[in-house]
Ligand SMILES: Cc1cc2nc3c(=O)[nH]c(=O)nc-3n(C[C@H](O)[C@H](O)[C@H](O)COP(=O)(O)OP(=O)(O)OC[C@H]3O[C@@H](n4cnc5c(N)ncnc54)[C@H](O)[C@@H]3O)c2cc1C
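Below you will find one chain, with nothing else, as structure tokens; this is the form predicted on its own, and questions on how it binds or moves follow later.
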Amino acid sequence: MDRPRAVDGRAPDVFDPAGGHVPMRMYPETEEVDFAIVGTGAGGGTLAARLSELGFSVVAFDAGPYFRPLEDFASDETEQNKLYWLDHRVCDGENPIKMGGNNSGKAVGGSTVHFAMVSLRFRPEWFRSRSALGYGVDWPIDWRDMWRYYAQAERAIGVSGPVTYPWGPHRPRYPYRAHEMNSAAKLLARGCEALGYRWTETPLATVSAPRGKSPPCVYRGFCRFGCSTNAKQSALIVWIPRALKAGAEIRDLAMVGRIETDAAGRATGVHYHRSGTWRFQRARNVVVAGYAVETPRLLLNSANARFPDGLANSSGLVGRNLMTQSNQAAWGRMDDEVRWYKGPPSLAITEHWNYEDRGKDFHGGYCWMAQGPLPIEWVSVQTGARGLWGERLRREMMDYNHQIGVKMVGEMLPDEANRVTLADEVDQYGLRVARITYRWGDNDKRLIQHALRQMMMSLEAIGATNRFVQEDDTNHLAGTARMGFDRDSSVVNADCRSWDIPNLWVCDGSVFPTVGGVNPALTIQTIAMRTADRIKTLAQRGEL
């Protein structure tokens, strides 16, 4: 798709399979809108909706296309590569991060268009991990404040989950009942029970009953490659329609390359490339929500004479403290057919080692979930983790319906040496590309080995044979523009507002001081909802 769809006062109707449209307000580039938001995923999409609903004028930009899921998405793994940010990046360090489908998206709706929908709350102690648990850094937000917004976010995206969640403080029932567990989930439950660990159905942002124009999940298994039925409650079908209805403009295929600042050191708007030319949109406030790689890249590429080290970077921390999450797995074979591809890929979970601090030789925590990789994904596991090719690979793939596996999401610790900088190479827009440097710390390695042993024990307990581990995999990203208590040790404050430039904000996973041992999407949306309310309060006080 090479032409914008959100033009001429209308935007794609994501619920219409016939190519329909909905009205969209248009703002002249010469008009100083209240907020220019860069990115429309879990952070930017949520914020665009909430700020518009609060009465602010908003233009939201996304470098990717504006898809209609019912028309554009196919049950084909290769076809759906169009959802990922596959532009050139330089990855180095002792443990280079594999970029692409598992940690970045390039579409209106961002990574939520293809995320696995796992919607988990942080353990309360993680918001003060230094004070309570002795590692990492504390967040400048109280967990009780986050807990209140978590409940709002779960209602907004219609999370389907268990009646009672077995870990952490009491929480209200999820808006929708939990999904039926497939065979892979039931086998995870058996393994956990054999080890004496609690388990539960995974809270998922895909509906188990009709919701508005969204039908219930049909368990087709292509969740991580774009839901073609709209059961998945992505930003594309939840927050973006709300933003449009409230008067926001969405500009698709609009790559923001630089933020402009004036002589007083305030942001004045964004330079963006759309339809073959560079343009400029004036704005009273700029919000960067491009995630943990593109956010620091934009801030660094916006360097000027007044801010020679990039915007919001007086602390020198823009791009630093990049965190990923460990995503190792244990796999095996069952005598009976499993057919693990039926349904969302992670229908059951244990958070035992997120909440249990005894018996650990590492800081932090991890969960593990049932798995259901589709065939091409499974081939990549076989070739990468086991080195299988040719006839051996063909024979192994014949056993696809008997396979079983569990996969972790583990907390990796912040380290200033893990960072995003600018490479000398430039992209198709003439912008310097991101250089992503990463290495696992000793604590990260101990956590991973502990998890691999535990997951292998769970498979052994259910009688899985031909067991093996996948040792080198990571997924979600965070950090690089952390929030904090003061300007010397962070990039933004608790409201996601830059210490250096008062009308420049960052609202995505890059503000995380620590990453926790659960998928980050719900927390990003929760922070965005909180930030919108804080902006409303600041505006009422005359402090914007």
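Keep in mind that what you see is a predicted model, and the values were worked out from it rather than measured. Residue positions are given as counts along the sequence shown, with the first one as 1.
Unshown form predicted together with the named molecule; subsequent notes refer to it.
- The partner is not drawn, yet in the predicted complex one stretch among 457-465, 279-287, 470-478, 157-165 has residues with heavy atoms inside 4.5 Å of the named molecule: 470-478.
- If you check the named molecule in the predicted complex, you find no heavy atom from any of 313, 489 and 499 within 4.5 Å.
- The shortest heavy atom separation between residue 319 and the named molecule in the predicted complex exceeds 4.5 Å.
- Contact between residue 365 and the named molecule in the predicted complex is not found at the 4.5 Å heavy atom cutoff.
- In the predicted complex, at least one heavy atom of residue 63 sits within 4.5 Å of a heavy atom of the named molecule.
- Mapping the unseen interface onto this chain, residue 85 counts among the residues with a heavy atom inside 4.5 Å of the named molecule in the predicted complex.
- Only one of 418, 129, 350, 111 lies close to the named molecule in the predicted complex, with a heavy atom inside 4.5 Å, and it is 111.
- The contact with the named molecule in the predicted complex, taken as any heavy atom within 4.5 Å, belongs to 106 out of 106, 242, 435, 450.
- Although the named molecule is not shown here, in the predicted complex the stretch 482-513 places heavy atoms of 508, 509 within 4.5 Å of it, in sequence order.
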